[in-house]
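Take a look at this single chain, the form predicted on its own, given in structure tokens.
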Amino acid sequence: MNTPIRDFVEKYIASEAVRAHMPGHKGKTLLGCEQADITEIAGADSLYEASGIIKESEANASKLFECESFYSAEGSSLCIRAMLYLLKRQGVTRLIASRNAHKSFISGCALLDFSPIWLKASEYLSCGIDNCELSKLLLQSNEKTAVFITTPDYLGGCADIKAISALCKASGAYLCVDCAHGAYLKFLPESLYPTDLGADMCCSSAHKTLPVLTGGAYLHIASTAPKAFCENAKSALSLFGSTSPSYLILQSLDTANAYIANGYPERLSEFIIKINIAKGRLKDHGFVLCGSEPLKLTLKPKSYGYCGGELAKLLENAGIFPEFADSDYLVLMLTPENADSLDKIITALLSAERRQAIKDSAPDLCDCPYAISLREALFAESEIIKASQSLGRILAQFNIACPPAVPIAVCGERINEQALKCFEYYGIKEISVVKE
């Protein structure tokens, strides 16, 4: 598969042209990547008005993913806001969402004046969805409705998209999926990609699971979705995106097309076999694992006598840096590029001496009622107070445990006792509340 964006930049570098255009480094090396860092010069095309090499590259991605594909140089965060805008343009007034939504979903809702109806969840990082609850919600109103879910979740849990899609189609609702952690799911022997399972739109962060620079992502629109979604996709992305998208990231997305086309599904399948063997070794040793996502290795280490942070420290001492750790979980995100380091990871984990199990567990996720709309709260005058003294106050700004960037409570909700327990457990000391 050709790589038109990368090829253009390589020719431009070889031409030794005088750069009387942005960026200001003029191709002179400080970091080492400056020569390939260009802007919308003649022939380079323009991301949101693509008619040349970017359009050609996106067409290549569309062939690989078998649906309309649009590039983002600003991660899935940009694509999430674009999807919400497209829903708004399509007349959607009612939005049902899984509560493990990324903060970019919350900010997008505030900007577009959606106040989501939240599906209940037991943990703030979990995508567990009760289809009976969803079905009841879908039947409760004649408003034009969309369902927005996040799957895979941060812990490797995967929702049943096919079943959820069937419920949405039966009620005439659109289904959108934040699949930021699952770009590779398209290339399994049997695709688990949202647009193949019935979703109308989805986003995925290429940089999370494919060999793409940080910030590279896709907005994907199914062939069965309304034509207006594709027709307005570029304007939706440009509404929230920078007018100076990184050409380094665009070259990376372009190059990934050739990488995927050149035997990636086979390499992926071979590596998943190795991961499954490694997971078996950990289970045999007494570790408890969770999640069904193939490339994610998630441990629940308390039964082994450790908090996630302790195991993370053990790995860091061995020169291994995991994706995420908190009191309850240790998450490692792996790809075929880890083929030569997988044994080192497993050896380090197996070196941990088993200890007495830790008995405490996370509190149930708070289910706070809206006091004012999400938009009102985010734009309201606010003040910072101690989380322990916030009972009854209205949350103004995000409160997240980074890096998952999933809010424990949502802007506009009135803080209850359960929220206080969650704040304490997850180490949130201060929060922003609407000023009284």
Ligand SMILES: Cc1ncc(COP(=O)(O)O)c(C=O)c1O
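Not measured: the values here are computed from a predicted model. All residue numbers refer to positions in the sequence shown, first residue = 1.
One more form of this protein exists, namely the form predicted in complex with this ligand; it is left out here, but the text below deals with it.
Of the stretches 243-251, 75-83, 193-201, 221-229, only 75-83 has residues with a heavy atom within 4.5 Å of this ligand in the model of the complex. A heavy atom within 4.5 Å of this ligand in the model of the complex is found for exactly one of R94, K302, K186, K208: K208.
Residue A180 is the only one of I164, L297, A180, I106 with a heavy atom lying within 4.5 Å of this ligand in the model of the complex. Contact annotation: Y329 falls outside 4.5 Å of this ligand in the model of the complex, judged by heavy atom distances. This ligand is not drawn, but in the model of the complex it has no heavy atom within 4.5 Å of N257. The shortest heavy atom separation between S98 and this ligand in the model of the complex exceeds 4.5 Å. With a 4.5 Å cutoff on heavy atoms, Y71 does not count as touching this ligand in the model of the complex; it lies far away. Relative to this ligand in the model of the complex, residues H102, T150 and Y154 are all within 4.5 Å by at least one heavy atom. One change in the model of the complex concerns C422 and C402, whose Cα atoms lie at least 3 Å closer than in this form. In the model of the complex, the Cα atoms of P403 and V212 sit 3 Å or more farther from each other than they do here.
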